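Have a look below at one chain only, the form predicted on its own, in structure tokens format.
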């Protein structure tokens, strides 16, 4: 489409040389970042206006500007340099040889990819800060059972189904199954708050289970991402990774009380700007580094850092200071996840693409059923809206995208499977809020009607 730019003769501008590559890479990165931020903000605002989570707008915006449509933000694993609109614009302004153009494209893509990975590290740090472990004590065993069922059922059904029905190898099947375990606490809590159910028994069970889901999901992700690096499943290795991940997380939390006092003492003695946020990020980055060193995922370290710092007296102020940083860096991750997805592999007109659609339908079905059954995972004589609990666990949101993004960057997911996972994340995130409003809205109406009847029966 844009090949004419490559062959455009330039009489006034000299052909760029190899020595100018750093400047050209920076120029390309700046233009790409501007496009990503513009897309994320427009997508988020449109999504909010439609009463959907902003993250969905960022994801869909990424799909539009990515390889599936406009080719504004693309990567070498999907296309060549001459298919990138950004590279064509840059080549028009600074004519380059084909070799130099390819090198600039690869370097620019690498920078954007690293920034996106940093974005997911910040995202998991923020999720850790929001995952108040103390709240789990109030819902206890019920939330734990809901979380365990909501993780194991979709994981088992998804993994076995992909291997049995679609003949996927073990590692990509396990990775896709792991993506089905996530629950977006942010999306569900927003809907519960709007409906006035956040402090209800159902609301507390959902939120508690979602927090445990995050913890279990991050452990699973650390394990399957490590498996993706070797490309094979070894039972001893899997057990070792699980033990390592659990020990790392529990050890971090147990040692947190010691570190918290040190952190608070450091904060009290710092008098310049950033006295809270900078030490917090140093800690998060060091924890991410440590997780990587022991062959776990960096995100497990940043998540653990968030859990630890949530116990400090400065947590409320830290929460507020992290938000603007997350607003800047996290959208890079969501938009690039969408940009990498080639929805063309799900085009039903092409016969060989239809299997990808079948995979997407299968994942969506398992994703919904696997979470709904979690509402019936505990025994209770209390009157509890179990369907509401199950539906509240359905949205995958940003957590599901973390699985998809890491799976795609590791190369373990085929294009159809990657696209199917993204479709699953989008559909479950779109479906959950209206379904939750219908189910809990009807329940609220029944409760109010029951109260009214009791008031009528009771003599004044």
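Predicted, not measured: the structure shown is a model, and the values here were computed from it. The term rigid core refers to the most C-alpha atoms you can superpose between the two forms while keeping them within 1.5 Å. Numbering follows the first chain given and starts at 1.
Beyond the structure shown, there is the form predicted in complex with another copy of the chain, which is absent from this document and is the topic of what follows.
Q: Please identify, from 357 to 365, 321 to 329, 163 to 171, 207 to 215, the stretch that has a heavy atom within 4.5 Å of another copy of the chain in the model of the complex.
A: After filtering at 4.5 Å, what remains is 321 to 329.
Q: May I ask you to state whether residue 242 is within 4.5 Å of another copy of the chain in the model of the complex, using heavy atom distances?
A: Contact check for residue 242: no, nothing within 4.5 Å of another copy of the chain in the model of the complex.
Q: Hey, in the model of the complex, is residue 381 touching another copy of the chain, heavy atoms inside 4.5 Å?
A: Contact with another copy of the chain, no.
Q: Taking 4.5 angstroms as the cut-off for heavy atoms, does residue 274 touch another copy of the chain in the model of the complex?
A: Heavy-atom contact with another copy of the chain at 4.5 Å: present for residue 274.
Q: Are any of the heavy atoms in residue 262 no more than 4.5 Å from a heavy atom of another copy of the chain in the model of the complex?
A: No.
Q: Would another copy of the chain in the model of the complex be within 4.5 angstroms of a non-hydrogen atom of every residue among 201, 408 and 429?
A: No, the whole trio is out of contact, none within 4.5 Å by any heavy atom.
Q: Considering another copy of the chain in the model of the complex, which of 282, 254, 156, 369 comes within 4.5 Å of it through any heavy atom?
A: Of the listed residues, the single hit is 282.
Q: Within 4.5 Å of another copy of the chain in the model of the complex, heavy atoms considered, which of 100, 85, 115, 343?
A: By the 4.5 Å criterion, the partner-contacting residue is 115.
Q: With the partner left out here, which residues of 274 to 299 have a non-hydrogen atom within 4.5 Å of another copy of the chain in the model of the complex?
A: Residues within 4.5 Å: 274, 275, 277, 278, 279, 281, 282, 285, 286, 288, 289, 292, 293, 295, 298.
Q: Core superposed first: is there a CA shift of 2 Å or greater at residue 167 between the shown form and the other one?
A: No, its C-alpha moves less than 2 Å.
Q: Taking the rigid core as the superposition reference, indicate whether the CA of residue 271 shifts 2 angstroms or more between the shown form and the other one.
A: Yes; residue 271 is a residue whose C-alpha shifts (by 2 Å or more) between the shown form and the other one when the cores are overlaid.
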